[in-house]
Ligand code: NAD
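Quick heads-up: it's one chain on its own, the form predicted alone, in structure tokens.
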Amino acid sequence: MARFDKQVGIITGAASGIGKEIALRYAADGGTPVIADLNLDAARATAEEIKGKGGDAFAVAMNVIDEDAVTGGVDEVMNKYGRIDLLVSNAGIQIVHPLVDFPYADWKKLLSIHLDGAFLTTKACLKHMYAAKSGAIVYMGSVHSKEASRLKAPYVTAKHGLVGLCKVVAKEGAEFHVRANVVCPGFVRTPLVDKQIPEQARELHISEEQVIKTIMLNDTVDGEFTTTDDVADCVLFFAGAKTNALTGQSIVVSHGWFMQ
């Protein structure tokens, strides 16, 4: 039997990048991923790709900072499948500026998507997981959940905050057999990271090649980017845990950039 046979997992921001890889891998191991994304057309395309490989998938439009949209999307999933076994809170953005002139609106926008989005999706899924007395929540953190970098004040703050939220969910969810964990990747070549390279080059007055070599990969052991596959491995490891032994824990996936 496949590891996630008949299980249903909501993955936010899953139309592309890391979220899409998690969805593909979850489906390949028997699970039914719900592609929850702001871009419904792209979510449907990912769902159709999974179905074309013989799996099942469902696309829902979800703005993770709109409580009604989150609740409505979760209700759609429950109406269709009657269960939610996994939430992967993955939706996120990146905005870079020096702290001294970071626009307040951008600070609030980034924190809202990462933290309010994680809170709202968690809250909406928990009641169904509690009722079933089973469930797993995996938050997409970052090396920046453990470490700081220049130009990323709200991102670092948000990713640290996810670790705190995870620990509370682990404490409150334990009696209902609901686990919570954080996966903390290094730099992954997704559109989010590709966008940062020229932005950081401009802010720091260095070349894009120097951004990659001296900022993004300088502290790795092999000069390699983390891959979406690396991240999916860890997400599915936590998703498939059988007990509370690892609940509340975070794992760093960064080619040695940050070592705990």
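A residue's number is simply how far along the shown sequence it sits, counting from 1. Note that this is a predicted model, so its numbers are computed, not measured.
The same protein also exists as the form predicted in complex with this ligand; that form is not shown, yet it is the one meant from here on.
Undergrad: Just to be sure I understand the contacts: of 96, 125, 156, 188, which is the one whose heavy atoms reach within 4.5 angstroms of this ligand in the predicted bound form?
TA: Partner contact (heavy atom, 4.5 Å) among the options: 188.
Undergrad: Only one of 169, 140, 74, 120 comes within 4.5 Å of this ligand in the predicted bound form by heavy atoms, so just point that one out.
TA: Checked against the cut-off, the match is 140.
Undergrad: Using a 4.5 Å heavy atom cut-off, indicate which stretch of 129-137, 173-181, 99-107, 85-93 touches this ligand in the predicted bound form.
TA: Among the listed stretches, the partner-contacting one is 85-93.
Undergrad: Answer yes or no: in the predicted bound form, does this ligand come within 4.5 Å of a heavy atom in every one of 31, 33 and 235?
TA: Checking in the predicted bound form: none of 31, 33 and 235 is within 4.5 Å of this ligand.
Undergrad: Since only the chain is shown here, I'm wondering whether residue 247 would be in contact with this ligand in the predicted bound form (any heavy atom pair within 4.5 Å).
TA: Judged by the heavy-atom cut-off of 4.5 Å, residue 247 is well away from this ligand in the predicted bound form.
Undergrad: Using 4.5 Å between non-hydrogen atoms, is residue 115 touching this ligand in the predicted bound form?
TA: Flag for residue 115 set to no.
Undergrad: Answer for residue 192 alone: is it within 4.5 Å of this ligand in the predicted bound form, judged on heavy atom distances?
TA: Yes, contact at 4.5 Å.
Undergrad: Taking heavy atoms only, is residue 10 within 4.5 angstroms of this ligand in the predicted bound form?
TA: No, residue 10 sits far enough from this ligand in the predicted bound form that none of its heavy atoms falls within 4.5 Å.
Undergrad: Which residues, if any, of 12-27 lie within 4.5 Å of this ligand in the predicted bound form when only heavy atoms count?
TA: 13, 15, 16, 17, 18, 19 sit within 4.5 Å of the partner.
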